[in-house]
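Considered here are two forms of the same protein chain, supplied as structure tokens in two stand-alone entries, structure 1 and structure 2.
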Structure 1
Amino acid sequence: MTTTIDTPAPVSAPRPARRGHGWRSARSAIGTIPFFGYVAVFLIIPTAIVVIGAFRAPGGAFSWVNIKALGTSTVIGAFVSSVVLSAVTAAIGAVFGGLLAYVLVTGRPGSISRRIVTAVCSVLAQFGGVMLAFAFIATLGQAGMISNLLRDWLGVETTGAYLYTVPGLILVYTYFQIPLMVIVFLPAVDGIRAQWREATETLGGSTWVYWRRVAGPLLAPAFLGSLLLLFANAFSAYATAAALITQSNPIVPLQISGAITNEVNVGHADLAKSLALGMVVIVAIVMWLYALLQKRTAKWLG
């Protein structure tokens, strides 16, 4: 009988650290300096200025005056109007944009129609400001094309005054909210596999079961995240509203502009900073929720 003795495997010596590894890491860190510089100049420093200015009196001393001004009826009304405007346009954009994204996915992959619609949505999502305001005035204003057609053909007289109110802004904002929803929601809809529906049908599940038990739960985080992104996009929009509404300040961005450019009550720059601080807090909460939902979506669809 032969006895076998197991000998321990030789222990290899640890490999010496590769030369130049630390230098490559340093070079990678140096490459991020322009990005962090950009973030510091255009995000961190302006935010710090807003926060400090919101708690500062005209003389430079610490004060709660500007923060207390946020409790006035005018400011509260502006915040309510901004939230309603953002929520309604986000909901409309999310529903119709989500449906359009689903229609694009159900078509043939790589089709010309899908590429055209995606390209158009990419352009329209960035179309805003004075150009968008002029387009709606030229179309639906008192002398707009549709207003003239209604007047000449149907005898319906319209002044288009609603364009210069918050309901008019809802209509105008929806114009860029829907294509933005298509752009941000399309990747999530693309992640849904056709095999999942086939498996549901094989197991006897109906279309309703598929959407309630499979596709719905998978798309819900992405849909809600896109909804929050649309809300933040509308809440911070300024140029289009400023081009349409010049006689009042019904939303917060116009309130900030009015506080800065007011020629009657000079020195309201710190009040504008307190208004901006309120917007920063709301947008920060929304984007924090958006980041949580995006993280969950990436985990599910990854």
Structure 2
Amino acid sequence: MTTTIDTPAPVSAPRPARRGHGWRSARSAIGTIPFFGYVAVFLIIPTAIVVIGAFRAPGGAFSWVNIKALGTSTVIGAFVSSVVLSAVTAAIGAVFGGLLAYVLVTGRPGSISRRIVTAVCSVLAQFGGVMLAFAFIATLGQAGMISNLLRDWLGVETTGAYLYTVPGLILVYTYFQIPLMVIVFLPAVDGIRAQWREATETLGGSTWVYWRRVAGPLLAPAFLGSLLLLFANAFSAYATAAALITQSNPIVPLQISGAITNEVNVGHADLAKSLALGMVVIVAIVMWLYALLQKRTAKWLG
């Protein structure tokens, strides 16, 4: 009420000042031009090429051809495999990583075991790619350590052929999902106060009640958020699968690389773009949900 009466009078005075301020802040924005120029060339333009290319016929006109090409059974199968692979490894990683994070936090604070495990996890979470594939070939492949031990001790012959299939990827992906979970979930578990448990006990609550009514609801958003992050992480991973599976393209990232490198079929380069767009859409939805949950977690973590 008062504002509507107040504003008209001084309007002539602040307006030039505001315009001056706006001009100055626009001039200040010049300082950010190198940054925006850089990301435009190496991030925005490539993304735009993917998005626009997904809706273009070879001639250049708008068309649904590439999007419709996603409807084939191979592509749908690849998307299903990718989603299942990511969901399963995210769930396994979240459960074991969450357990490890909880165990680390409830131990003595600042203990040596916590520092070692955290350091190991931060290296292993980055340890994706080709090297991870070779680590598992050295473990479970035909001449791997575990395969040799099984043969020498138990007389069990294993070829390790399952390692080169999508179910085999589940085991391999778990290797970087668990450490990643520890790193992203640790801050949330750190936010749990010992007093809350004591308060529950003082009020007569059992361990079950504590988890059901206090710790569970508090950790749930952070846990779900981390789960989504793990999903996106597995969904985007390419190198490990590329090093292990060379004969077929059962998951979306391999389909994309197959479409890029396929030089026989000209239209395939455009299929890569619609496949890539499909991946972006899924990852974007997951990351959006993650951001929402993150906001909720931040509220009580402070």
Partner chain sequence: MTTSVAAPPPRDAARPQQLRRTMRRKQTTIRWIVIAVIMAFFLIPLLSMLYFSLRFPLSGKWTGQAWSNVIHMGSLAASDPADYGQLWTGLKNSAVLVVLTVVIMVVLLVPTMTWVRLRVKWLSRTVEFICLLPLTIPAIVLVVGLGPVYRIVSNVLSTNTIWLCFVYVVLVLPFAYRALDAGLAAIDLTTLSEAARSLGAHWFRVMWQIVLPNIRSAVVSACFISVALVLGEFTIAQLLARDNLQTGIFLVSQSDGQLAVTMSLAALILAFVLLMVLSLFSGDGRRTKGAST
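Just so it is clear, the model here is predicted, and its values are computed rather than measured. Rigid core here is just the name for the largest C-alpha set that superposes within 1.5 Å across the two forms. Structure 1 provides the reference sequence; residues are numbered from 1 along it.
- Comparing the two isolated copies of the chain, the first one is the form predicted alone.
- With the core superposed, Y238 shows a C-alpha displacement below 2 Å between the two structures.
- Superposed on the core, the two forms differ at T32: its CA moves 2 Å or more between the two structures.
- Annotation: Cα of V51 displaced by less than 2 Å between the two structures, core superposition.
- Once the core of the two forms is superposed, the Cα of F42 has moved 4.3 Å between the two structures.
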